[in-house]
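The chain below stands alone, shown as structure tokens; this is the form predicted alone.
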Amino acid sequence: MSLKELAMKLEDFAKARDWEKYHSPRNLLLAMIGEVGELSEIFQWRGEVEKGLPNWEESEKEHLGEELSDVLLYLIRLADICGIDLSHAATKKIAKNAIKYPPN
């Protein structure tokens, strides 16, 4: 599913619940920060973890996926409310970083 399709699903979800009045850029940003805090708690006392999380229980990975999704969905909603095409902005940023940080 594309970011645009996710944005449309989120818009429909908010409209169906009459939540649009609460979805100001500031409110969405603060909600996303809260979710980043919840995501951080998962890693807080683990130290470094291996790529792929081989020592994690499936329930822990599922919880991580939920928290990552919360952050992503708030980010997509925030970008949409602000009129930012996140796919386009991210692509431009990668190209800009490639110039700023060329390979050795």
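In case it trips you up, residue 1 is the first one in the sequence shown, and so on. Just so you know, these numbers come straight off a predicted model, no measurement behind them.
What comes next is about the form predicted in complex with a further copy of the same chain, which is not displayed.
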Next on the checklist: Is Gln44 part of the interface with a further copy of the same chain in the model of the complex - any heavy atom within 4.5 Å?
Outcome noted: yes
Checklist entry - Would Ser59 count as a contact of a further copy of the same chain in the model of the complex, using a 4.5 angstroms cut-off between non-hydrogen atoms? => result no
Item to check | Ser40: touches a further copy of the same chain in the model of the complex, heavy atom cutoff 4.5 angstroms | outcome: yes
Item to check | Heavy atom within 4.5 Å of a further copy of the same chain in the model of the complex - qualifying residues of 1-17 | outcome: Met1, Ser2, Leu3, Leu6, Lys9, Leu10, Phe13, Ala16, Arg17
